Structure formats: C-alpha cells, structure tokens
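Below are two forms of the same protein chain, given as structure tokens: structure 1, then structure 2.
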Structure 1
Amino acid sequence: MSTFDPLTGVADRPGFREGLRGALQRSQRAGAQVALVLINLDAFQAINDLHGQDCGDALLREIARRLQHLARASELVARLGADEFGIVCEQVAAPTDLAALAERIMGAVRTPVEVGEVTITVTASIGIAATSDAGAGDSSDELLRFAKTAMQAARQAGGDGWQFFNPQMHERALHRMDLAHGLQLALEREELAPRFQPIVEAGSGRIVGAELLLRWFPQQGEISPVEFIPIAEASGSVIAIGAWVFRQACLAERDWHRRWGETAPYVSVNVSVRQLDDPALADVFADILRDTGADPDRLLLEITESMLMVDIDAKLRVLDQLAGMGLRMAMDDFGTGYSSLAQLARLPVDVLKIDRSFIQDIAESGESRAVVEAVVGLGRALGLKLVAEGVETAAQQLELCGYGCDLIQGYYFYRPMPADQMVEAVERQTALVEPSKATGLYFLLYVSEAVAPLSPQQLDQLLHRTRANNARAGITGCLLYENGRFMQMLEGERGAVLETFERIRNNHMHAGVRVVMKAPARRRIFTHWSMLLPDDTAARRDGPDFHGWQAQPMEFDVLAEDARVCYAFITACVPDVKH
C-alpha cells in the first residue's frame, strides 16, 4: 500500500521507498536502468521566515503539482522532507534524458508562484544518481545517498542547478570532511596567519587602511580561503577562528597606532553570518577589545550583503550591539545582494564596498559603469564612505576617481602581504612625503616614438614589468602613450632615475628618445608610478584641454618644444597633483 504526503498529495517517504524498491526489482529483471532525481528548494527556510508557514505550505503544494505534471506516468513523484522532493525514473535510456528532465524541473520550479498578495520565486538544487553509477549497485539506500551527494554539490555550486553523481564527487565530499577536521585543529597547530591588503586613497594612492585576510598553511601546503572558509562556516569552526582573527586585527591596530599615531591605517576584518548568529559574539569581541586595548573606532567589521537577507531583525540586534561598542561597519560585496534602500538605512553601516565584479567590467561595460556610478551616488547620499574592491588597472583607478569613489583596494596598488611588509609599505610612504628624508631627489622628463604601435597586451606587459621595477627602485612618475608617442616623467634618487632611464633609452620598442628636462627636485609631484593610455577618458577630463585653441590635438613631440608646457602637461595628467 502506497502512502501519501497529506500536505501535497504526492507520495511520502515510505511510499517513495516502496516505489523505489519495486522499480529496482523490475529494472533488474529487464536489465534496464533506474535513476533517482532529488530536488531540494534553495533558501526555503528564508521564505517561511519572511512570509509565514502558510505561504511556505502553499508554495510546496504548487511545486508538487508542477512536478507531478511534468513527470511521466511511469515516474514516481514524492515529498521526502520539508523542502525536498524525489522522482524515481524507470527505463532510463541515456543521461541526456535525465539532464533534460532536470532542466524541465528547474524551469517549473523557477516559474513564480502567486500566493495571495505575494509572488514568490524559488530555485532548486538537483542531484541525480543512476544504477549505472560505479558502486551504486541496486540498493535503494545507496542510490538515495548518491543522489543526495550530487544534490549537495549542486547547492555548493550556488544552487539553481543540477549535478550528476560521480566518483570524483564522492572524493570531493571526503576531502571536505578532511579539511573540516583539519580546520578544527588549525588554531592549536598555529597554521593560520593573517595577511593585510592595503586600502588606499583613490586619488593619491596613500595607504589609509588594510583588510585582514586569513590564510591557512596546513602541513600538506596552503589551502585557498575560497575553499576553507565555506567549510569553516558549515562546520562551525568559524566561531573560534573568527574570534582569533578579530584578536589579530586588534593587535595590528594597537601596533600601528603605536607606530604612526592618528595617521595609522585602520583595520578591516570580515565577520561571517555564522558569527552573527552566535549570541555570545558581542561579549567575546568586547573581551578582546578590553584585553588588547585596541581602539574600536579604528576597526571596521565587514559584513556581506547577502547574509543579512535571512532573519535580519536578529542580526540587526547583534550589529547594533557591536556598533554600540564603537566598532565601525562596512557592507561588503555591495551590489550583489538584494538589500533595499530601506534595509540599508536601518543598518549601522559607515562604509560600502563595491563588489569586484562591477569594477572588473568598468572599462568595457556601460552597465557596470552605471551600477558603480549609482552605488557611489547612493553611498554619498547616505553619508557613507565608498571602497572599490578588486582594482587592477590604471584605467579602473581613473574611472573610479572620476566618479568620486573615496578608497580603492586591489592588485593595482597592493597584494595581500604579511604584517612586517605592511609596516614597511607604510614606512616607505611616510618617507616619500616627508621632504626632509627625500634629499638627493631628481626628476627626468622625456618624449619618444614607438617603433610600431603597441598592442593592449604589450602595454599591459610593460605596465606590469615597470611597476615592479619602479617600486623596487623607489621611482614615482607617470608614462603617457598616445598616437604612437611616449612621454614619461621619472622621479626618485638621482642614481636610480638615471640608471632606469638608461634602461628605458636602450629599449628597442621606441626610438628618438629626447630628454626634455632633468634636474634636482625639492619634492615629488607623483605619489606613485602609473601609466595612462589615450582611452583613459577620466584622465582627459582632468588633463589640460588644448582643443579650444588647437584644431588638432597636440602631439607629444610638439609639446616637448617648450619644456615648461611639457612639464605642465604631464604633471596635470594625474588627478592627485599637489601644486
């Protein structure tokens, strides 16, 4: 006798087991395949929390109806748990049939459901296992377990997708268990280490803060945070690790404050959703603040937008407690979640971090530019500071400066580094801007002609190589490339400038190298080294505009006729020039 789920009318778990056993027996006799498709709704709990259980029940009934509708008569549809359904398919011919079924299921689940006044859209993570899967045999338990593993893999890949079970997937599950175990011992074994990625002023490149990023170095070699952080979250070890990370941030704040006083960079640290769910969090952080004597005003807690979507009221209480202790907050990955303006205004947030995905496309995609411009505008209207993440090129930096974005973080300026290197970077910066320490300063300005037009790849290579060289040699300045001509200014110790210039002069990519000016300098004009290309529209905006009196844009060699004009041109090309 089959049994049914009273809520949805499809088979219940015992009915499903009975149906699956029968299907396996029949398939064995016929030498055919049986497949099991497991369907788990993504974020169903959030819907229940948000709209109430009645609404959740209505949604389940509708999903069950749709699944029943798209299944063939020979296929058994069942509800296996709160938000989990299964379909048993007999006489499966090929995996492609199953993939097509999975696609149809995804489409059916994704179609919005109207419940009273509200429209709900859900997605599903789907796992598929078939009797042909190695080792699956024909036991129903095994098939169910394998389908579940596949479903979990689909969920880990972000949900709204389907995944077949296969042995590699099984291996991955075992590997994750190993890592979860290793993470529990990582603190004790002192395998965790903080790294700091400087956050700089968008215009000047001056370091004003740093994000603490966690690294894990177990015996078998470094494991990427992309891999271990989700495992730490899922296994709960993130609570203990998170407290350790916060302590490291406090210790860094103390150390930097002692070194550089009020001009010391602030420290930004990530807080995970699991930590916010911990009722003891505020007390633990308060103890650490007291222990270390760190200044909460110089500590920024980064929370991600998406984690506030579930149970926002409880999380708000914790965030308010933390803000009440004087800690500052940043909304991380802003733009990727769905927080409404009203929600944002309720949060005790001081900083918005614009997600790297928008920054990456900023040069090519008008849509990304529009998002960034809108987010900057929104942040300003709410009186928040803006930090752009993942800035990797000069073009992105200039674009962001143009929008009025305050701060920048990314490889273009600095990669994450150990604490001692971070201290060195700030020390170097202090030395650069202090005139007393900058004796023997020299600058050189030249123009030249490219032997052949440079491709974007060549320009990129040039940028990368020279940036590393110049950082080592303590050289700042700027290289312009337009209409096949170069103009460059080098600033630094006399020996370093002349030696670098010799190497530049000998480069076969250009010819006709003409020195326009070289002389001792009292101070640096540029705080870092950069390269500007003709399509850097933001630079054009800020640069001198000769078009009013000159029908043709001026070529660099014409500008070079008058050293003073040339000097004025290049020093005006960077928005952070201090006259």
Structure 2
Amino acid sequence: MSTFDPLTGVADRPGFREGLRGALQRSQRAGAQVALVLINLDAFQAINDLHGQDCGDALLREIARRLQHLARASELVARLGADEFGIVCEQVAAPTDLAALAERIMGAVRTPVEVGEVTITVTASIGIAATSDAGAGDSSDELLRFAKTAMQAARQAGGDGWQFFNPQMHERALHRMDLAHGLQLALEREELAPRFQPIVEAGSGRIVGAELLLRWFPQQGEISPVEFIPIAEASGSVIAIGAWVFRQACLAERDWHRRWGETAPYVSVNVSVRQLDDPALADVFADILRDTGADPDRLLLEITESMLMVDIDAKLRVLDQLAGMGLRMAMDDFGTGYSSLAQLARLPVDVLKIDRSFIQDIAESGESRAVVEAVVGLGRALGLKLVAEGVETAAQQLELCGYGCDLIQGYYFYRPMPADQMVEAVERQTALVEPSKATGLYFLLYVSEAVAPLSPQQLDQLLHRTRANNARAGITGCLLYENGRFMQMLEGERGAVLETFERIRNNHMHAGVRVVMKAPARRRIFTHWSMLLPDDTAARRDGPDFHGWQAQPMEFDVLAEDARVCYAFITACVPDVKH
C-alpha cells in the first residue's frame, strides 16, 4: 500500500519506489516508455535560515500542490527528501512532452509564494531520465540514479534549469565518484602538495606574503584544483584536507620565520564553507597552532563573500573564535558576492582581496577602474589592507599603484611554486635588495612657483607624465596649478615620497620650492593621484560664483603660512577625498 508524506500530502519515498516499480512493470507489458522527473529546490536551506522552518514548510506544501496540479491523473507525485520532489510519468510519447513538462514545472516553481506577510521566490534544478536511456532497462534504482545525475548537472550549471540524462553525463558522474574516492585516500598516499604564490608590495615588487595553493598528484597525473576542490567540498573530504593544508601553512610560517625573522613573508590559506560549518574547526586549528608553534599573527585565513549567504550568525561565531586565537582574516574575491556593507563591518576582517575579474580590464575599462577605486576607498575607510589578485601586466600594476592598492598577486610577478623555489625567490630578493630604512606611510605638502607660465598643452603633458611616474611609485595625492604657482600633496611609502619630492625640487620647472608640512601618515587621504586647476574643481563649479566678491586672490605661498589652512585647501579641492 502506498504511503504519504505527512507535511505535503503527496507520496513519500517508500510510496514513490512502489509506484515507480509498478509503472516499470506496466510499461514492459505495454511496450511503453516511463520517465522520471526529479525536482530539487535551489538554495532551500537559505530560505529556512532566513525566514524560519514554518515558512519553509509552507513553501514545500505549496510547491507540492502546484506539482500535483501540473501532473496528469495517472502520474505519481512524491516528496523524496527535504527539498526534493519526483514525478513518475507513464505512456511518454516523445522527449518534447517531457521538455514541455519541465518548462511548466519551472514556471510554477518560480511563481512567488505568499506566506503570511512574506513573499518567497524560489527556483528549481530539474533532471529527467527515461527507460529509453541506454542501460536503464527496468531497474528503478538505475532510472533514479540517472535522473539524479541529470538533476545535479542542472544544479552545477547554476540552477533554475532542466537537463535530460545522457550517457556522457553518466560518464562524468562516474569520473566524479572516482575522484571523490581518490581524494579520501590522497592524504594517506601523500599525493597532495602545497604551492606558494608570492604576494608583493604594489610599488616595489618586494615579497611580503604568499598564498598557499593546493595541488593533487595522483598516479594518473595532476588534476586541476578547479576540478577536485568542488568534489572535496561535496564529499566532505575537504575537512581533513583543509586541516592538513592549515598545518602546511603553519610549518611554512615557522620555517620562514627561522630563516628571515620579522621580515619573513606571511602565509595566506583558504578556508572553505564546509570547514566553517564544522563545529570542531577552531579546536582543530588551535591544536595545530600549538603543535607547530606557528605565529597566528603571520597567518591569514581567506574566506569568500558567498560563504556568508547561509547562516551568517553561526559562521560569525566560528570566525570570532579563530580571530580570538590571533589569526587574521581576508575577504577573498571581494565584489563578486552578495554580502552587504553591514555584514562586512561585522566581520573580523583585516584584508580585502579585489577579485581578478575587476583587475583584468582595469587599464582599459572605466567601469573596472571605478569598482577598484570604490573598493580601495571602502578598504581605507574601514582601515583594511588591499590585495589585488590576477595582476598580469605592467599597465595593471601602474593603475593599482595609482589607486593606492597595497599589495599585488599575479603572474606578472610570480606563478605558484614549490616551497623550495619560494625560499629561493625570497633569498634572491634579500641578496639584491637592501631593506629600505625609510618605510611606512608618509605625506608631504609643498608649494612652489613655476619658472614660466604653463600653456594648456604643457599642463596636459605634465598631467600624463606625472600620473605615470606616481603610479609607478605608488604615490597618491593632488597637484594644483593656479596663477603660475603649484601646490602639491604627496602620500605613499616614505622613501618613495621623499625621492619624488627631490626630483621635483631639482626640476628646472620649479622655483622657490617650500615644504609646508611633512610627517608620517596614519592612512591615505586620496584614493589616487590627480592634477586640478582650482577654478575648475567640482567644489567651485557646483558652489556659488565668488569672482565678484573676492577682492584679492589668495596666493598659494600665502596659504602656506598656515599648514592647517593649506592642508584644508588642497583636500577641499578633491570631491572624493577621505577626510
């Protein structure tokens, strides 16, 4: 006798299996075709977390009602799991009938559901398999397995879609199963290996850190992390593998600290969403820190925005535990997820990593530059370090330096490398580059007089030449030119600022160069370097017209008599300055 799901009223899993076996027996006698349609609701757990289980239950009841309405009287509708439904279709005439059914199901699921005062919108991933599929025969288990494979393919394609099963899909599923099994044994077989990609100062290219990246070398040859990391996540093997990776990061930190002391690069390591869901994560990491003696302040854990979409409060508790141990945090791939600024402010984050998708077009795309400038400005406002990922050209580096990005990671400087090559790279740097005695963020404000008035063409040449030079040096700030006089504020690493100022002092274009103020800076005020003609600044264009009221122009050298007035004047000329 068929049994029913108490929540939705449709058949439950035992009832579904009984109905599917009966349909297959009837199809063999009649020579007809049976098809199985599996429907999995996308991100249903997030709905439960956001609105509560009662709301989720009401949604399931409404989806079951809609599916029953769509199905023919002879077709069985069942609930197979928490958010999974199935429909057994008999007397299927053609695949186009199943495609039309899948489209109707998608439309019905997408229609918003009203639960009290809450409106819920959900989508589904749908998989379809029929007895005509190779090897399906009359086995209900095999038909269910094929439909589930098709459903998973639809989900991996982004959800909100449907897929027919095909033999190639089955082969890919078997391949994934083989990889999942191999990953369970990878640690025991010592097939995993760390690789380190250096992270460098944006201006100097000096190595200051490295991201640990995992590589897998089974007997059949290296497998891309793009392929095996999602499988490790889905199978749960990422828990053990993630602990091993963190231990490798700790061992590297200890080794590098013994070699280079306080100048040693820090180690950055990725933490997966599956690890954050593990209640034992903080205890495991604490044990590894204790065993290795690693300095948690020199370890950076990278998380992604997408991790915070589900059950953020629970994940925040885990992150706070890790931060309480002294570990630092980085928000990876920033700008590609859905976290709000309110969520970002709640996170114990020290670093923002700008996603490579914004970096690849930064030299040509105004939109990419605007995003990077906004992210840098946000990072500055929150007191965070900025790391740009995926830097592959000199032009990208120059743009990022100009916006005040702190650190850079990408093939333009280094590819991922084994630990011994990482050591060699830092040793070469240590031998070739004497550490600068003039380090730290610094600013300098000066005024000067132009030896001769500058034409519009000369000003344009000065703008482009100086912008390129300052980008290369990691200098941000502002240059003003009015009535034959200059005022400029420079900010960046102390050595770069002083070196730039010496070039200006010795330039034949300037006379009467006078330092108004110079000092260490707590943070950058400007997000990039620019040159302005004060009469054409946004503040003056948008404000009142003072020309008829100003009896005597106030020259730059007069403003320079009071450093506070001079500082206020130059920062007021730039609309997006961060006071």
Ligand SMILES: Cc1cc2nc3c(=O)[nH]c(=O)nc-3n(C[C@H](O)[C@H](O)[C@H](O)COP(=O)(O)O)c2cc1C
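Basically, rigid core = biggest C-alpha set you can superpose within 1.5 Å across the two forms. All figures in this text were calculated on a predicted structure; none of them were measured in a lab. Just so we're on the same page, residue numbers count up from 1 along structure 1's sequence.
In this pair, the copy labelled structure 1 belongs to the form predicted in complex with the named molecule.
Here E502 counts as shifted, since its C-alpha moves by at least 2 Å between structures 1 and 2 after the core is aligned. Annotation for I359: C-alpha shift under 2 angstroms between structures 1 and 2, rigid core superposed. Taking 2 Å as the criterion, G159 counts as shifted between structures 1 and 2: its C-alpha moves by at least this amount when the rigid core is aligned. Aligning the rigid core between structures 1 and 2 leaves the CA of A124 offset by 4.1 Å. Look at T8: with the core superposed, its C-alpha moves 9.1 Å between structures 1 and 2.
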